[in-house]
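Heads up, the chain below is alone and in the form predicted on its own; it's given as structure tokens.
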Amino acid sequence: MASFPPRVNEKEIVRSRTIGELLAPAAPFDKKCGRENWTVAFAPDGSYFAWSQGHRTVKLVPWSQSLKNFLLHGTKNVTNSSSLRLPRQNSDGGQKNKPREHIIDCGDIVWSLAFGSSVPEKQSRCVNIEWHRFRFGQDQLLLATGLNNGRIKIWDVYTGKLLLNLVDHTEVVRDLTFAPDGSLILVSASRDKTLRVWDLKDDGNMMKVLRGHQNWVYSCAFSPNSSMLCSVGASKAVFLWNMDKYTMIRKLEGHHHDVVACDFSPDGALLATASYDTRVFIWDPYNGDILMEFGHLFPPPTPIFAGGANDRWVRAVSFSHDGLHVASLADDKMVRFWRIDEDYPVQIAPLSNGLCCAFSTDGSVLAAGTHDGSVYFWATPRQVPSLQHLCRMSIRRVMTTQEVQELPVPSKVLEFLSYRI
């Protein structure tokens, strides 16, 4: 069994440059809580980086300052208990909007987190309510944390104040995602087999329950225009939802094991899903076609073996903001960087016990979390996008695959716009 196709020489693949490390405290204060770092996230404006470092805590650090520290003091940065710890209801308005390092105690094991920011023009979808407890301004930055007990807590990032406590899930909240349009619509994915849609501009009112999964829901992701949602879960499940009507669009079939992560490309034309069957699929979400397969085990396991343990389970996948690269984490102690038009990785990096990953806002750094609560950072493949690719992304941001197919242009151009060449 090999980690790369036979034609690929592993020694010739570029090794990613290490940027830095944020190591979790060595001595836990509560041994009953897990140390796993299940989730990492960058703020939409790039001001903060956050991760669940185990033991009920979420660490937030100013991202630009962390990069400077890595350059000045080397790669390692051990997080310590002397950092400013904010109690759950504490508020310090004098420091608002000034990024600073702090820790939030969430009261239970943190499985998921997501940043959200408001656009004032986006009104609540609940038009019948005129009075709200919270008025979210344009400079508001929120952090949602999904907990082991099924609760979701919403925090003001600048002050550390607990704003909302959302209670409805009956099992672990495995993933959270905000709508990218600034409406503060939040979707949560849970082991209770449901997705729930919350309107934070309506004081956290739960708007809808999306049902269809027969087992745990592992992950969910909005399309860039917020019109579509992908959810993935156990039993090979990949579902697409219409977020205007809250109805299921289609099920995508192709994986042979639990699907644990998903992410849309920046133009919304591609969808990446990662599965325990050792594969990452790149889909066309508008018609359900598989456009590319990124394998992590060669020869690929047959369906009967892909459904079991194979030491190559893919744990996470993330699309770069250039729309050209995808990162994946697998159990073979490796991070892979792929180009969307190549079936082998263009860069790799060593990582043991990886669980999650995310690209920085500018796409220059990949962050990956591990079982011991630490985070590791690597430089990502840098490539100047071609003018053709930039034009394709601009077109696909506003046109579906069906609309592209109707354009009066040559077939080769249609194939290129549809990501088929």
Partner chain sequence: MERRKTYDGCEGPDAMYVKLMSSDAHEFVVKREPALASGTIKVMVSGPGQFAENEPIRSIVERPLHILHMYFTYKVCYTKNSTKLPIAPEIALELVMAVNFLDC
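Since the structure is predicted, the reported quantities are computational estimates derived from the model, not experimental observations. Residue numbers count along the first chain shown, from 1.
What follows is about the form predicted together with the partner chain, which we do not show.
Fill in: in the predicted bound form, segment of 36-44, 352-360, 365-373, 392-400 with a heavy atom within 4.5 Å of the partner chain
One stretch meets the cut-off, namely 392-400.
Worksheet item: Using 4.5 Å between non-hydrogen atoms, is Leu407 touching the partner chain in the predicted bound form?
Response: Within the cut-off, so yes.
Worksheet item: Can Lys68 be called a contact residue for the partner chain in the predicted bound form at 4.5 Å between heavy atoms?
Response: Answer no; every heavy atom of Lys68 is more than 4.5 Å from the partner chain in the predicted bound form.
Worksheet item: Within a 4.5 Å heavy atom cut-off, is Leu23 in contact with the partner chain in the predicted bound form?
Response: No, no contact at 4.5 Å.
Worksheet item: Quick one: does Ser64 come within 4.5 Å of the partner chain in the predicted bound form, counting heavy atoms only?
Response: Although the partner chain is absent here, Ser64 would stay clear of it in the predicted bound form, with no heavy atoms inside 4.5 Å.
Worksheet entry | Contacts with the partner chain in the predicted bound form, stretch 375-397 (heavy atom within 4.5 Å) | The stretch touches the partner through Arg382, Val384, Pro385, Ser386, Leu387, Gln388, Leu390, Cys391, Ser394, Ile395.
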